[in-house]
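A lone chain, given as structure tokens: the form predicted on its own.
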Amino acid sequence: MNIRRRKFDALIIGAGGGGLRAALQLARADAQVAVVSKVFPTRSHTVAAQGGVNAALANVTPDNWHWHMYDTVKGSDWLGDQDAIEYMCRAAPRAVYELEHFGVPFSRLADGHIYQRAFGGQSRNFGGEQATRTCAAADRTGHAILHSLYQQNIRARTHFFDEYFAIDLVCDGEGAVLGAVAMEIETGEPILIEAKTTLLATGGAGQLFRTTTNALINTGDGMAMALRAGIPLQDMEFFQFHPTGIAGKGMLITEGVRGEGGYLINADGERFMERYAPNAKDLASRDVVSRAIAIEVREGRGCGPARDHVLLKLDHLGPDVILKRLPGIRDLAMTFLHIDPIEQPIPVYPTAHYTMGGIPTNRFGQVVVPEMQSPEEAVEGLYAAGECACVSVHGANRLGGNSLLDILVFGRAAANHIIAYLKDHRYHRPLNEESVDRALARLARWDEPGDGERVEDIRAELKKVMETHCGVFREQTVLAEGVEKVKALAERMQDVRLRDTSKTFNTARVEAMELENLIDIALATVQSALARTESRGAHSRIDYPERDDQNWMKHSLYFRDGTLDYKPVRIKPLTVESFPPKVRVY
């Protein structure tokens, strides 16, 4: 087919923090960079990150990267790869200082240093007293980072394809990835963007669930593109539920509220976290706090007329702290709940938040196809960074403040590897036109009107099934039912049709392709969860309540045909002694 074609050194799909950090590094190295984003870049979901970015700067209390590494390994419930975790934690201070030089307006201490707040799962001296490690720009840290990175990319003359939807990867005849086909959402016209290297930075898949902190754009597009290209997804059973979403609505109430001294209470006015995490209390890791809230509600100690939530109390902090450190949280509470947290507590309940799994990569951002019995093999020309990737630094449970760090460190690392790759691969390679035709066929399907099933109906059912069958607590029968229900929705997806396409906005085509992506990700998530017969981190099985290191100290790998494979966790760090598994308590 005769379609518009453009050529670049590097194609980045996704304009969040990971994509923009990589793009800036590449543009500064004089590479020709294209960034494709289905929304205007500053609407990417990094903008919603509130609490901060972790780095052992020791501006408030003593700290060092080795303690940060220990906390991250422990937070991952020992499923994180310790070489990648060491790399990230060592790189953290430099990443934050780079942001400062890019213009990120961090909050400041009285002496002018970057302000840091306490966050969950942080400690000093390998599990000792609470650390203060999270660098914050009030409670709008992601917003500040994304805008600064975007402005720096404009200055560096990065080429943006704003409001373009990436349809599928294209390759040569030997499996090397050579770009992607995208659709301009305004016109519906396809475009082929050929590139010597391609970086997926498309974020997570929180739209799998009915109640979520995630924006409507978080539909797992990059992960689904990788699946269709024959690449497995790693550790998809581990989906984080943030303990403090606005009850019944899902909007994020940052962990920074508890870092500033807020705390949770039940209907009896009890600070119940003291029973679940005697030392860390309200600053235990997210999976621990989420389960504690769910148990309180299940056992009848919930608040409100339906007793279906708990309360996050911060009025005791005083107006000055709230207005200076948590202004966005106050705005959220007043906008969506019509309450002022200066005067009364916020009703909260766990809400779907973060995809710990994703496209398997090494610490250089290269996408790898690993198997238990063979060494990892990199997919030539393909990289991934951020929430769509699985390095794995988060393992079974991500610590708050490590997500912004992840996108910055590995976005930069991927770009550095791409720069080296481009030196040895100066010319474009010929495409396999069949891969282009397959991508165009995926788009063409939605040009055929019909009277079949409706996109919105299938999507609503999928979100309900995932919330019911793959939530905070899981069990064999419930998960098995979930698998069958998602498979049935996948079958029904074949009958989905748009109505009169001559009157259909191109956003309807985007929503249809997003739903295809979500169904693939849902199958990966629920089937991986059914297979893992243990409780580890965010994956909590009522029927298998203990962690099983003997049988399950391994990463899951889900292939699109439904098969599962596994690979070992890398427990050997780069330069220090490993942290051996032990009981995880807070």
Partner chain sequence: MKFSIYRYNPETGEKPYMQEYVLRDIDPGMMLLEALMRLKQDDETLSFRRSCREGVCGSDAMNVNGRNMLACITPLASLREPVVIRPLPGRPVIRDLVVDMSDFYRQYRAVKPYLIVNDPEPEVERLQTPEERERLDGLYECILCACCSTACPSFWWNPDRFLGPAALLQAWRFLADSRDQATDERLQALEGPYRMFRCHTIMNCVDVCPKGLNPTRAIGRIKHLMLKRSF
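Positions refer to the first chain, counted from 1. Everything numeric here is computed off the predicted structure, so don't read it as measured data.
This protein has a second form, the form predicted together with its partner chain, left out of what is shown; the following refers to that one.
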(request) Mark R140 yes when one of its heavy atoms lies within 4.5 Å of a heavy atom of its partner chain in the model of the complex, and no otherwise. (result) yes
(message) Residue-level question: is T213 within 4.5 Å of its partner chain in the model of the complex, judged on heavy atoms?
(response) yes
(message) Given that its partner chain is not shown alongside this chain, does T42 nevertheless sit within 4.5 Å of it in the model of the complex, heavy atom to heavy atom?
(response) yes
(message) Under a 4.5 Å heavy atom criterion, is V104 part of the interface with its partner chain in the model of the complex?
(response) yes
(message) At 4.5 Å by heavy atoms, is each residue in H159, A277 and T525 next to its partner chain in the model of the complex?
(response) no
(request) Could you work out which of F239, Y349, Y164, Y150 is the residue within 4.5 angstroms of its partner chain in the model of the complex, going by heavy atoms? (result) Y150
(message) Can you work out which of E475, E484, E186, E129 has a heavy atom no more than 4.5 Å from its partner chain in the model of the complex?
(response) E186
(message) Only one of 279-287, 328-336, 227-235, 487-495 has heavy atoms within 4.5 Å of its partner chain in the model of the complex; I'd like to know which.
(response) 328-336
(request) Determine the residues of 429-468 with a heavy atom within 4.5 Å of its partner chain in the model of the complex and present them in sequence order; the list may be empty. (result) R454, E456
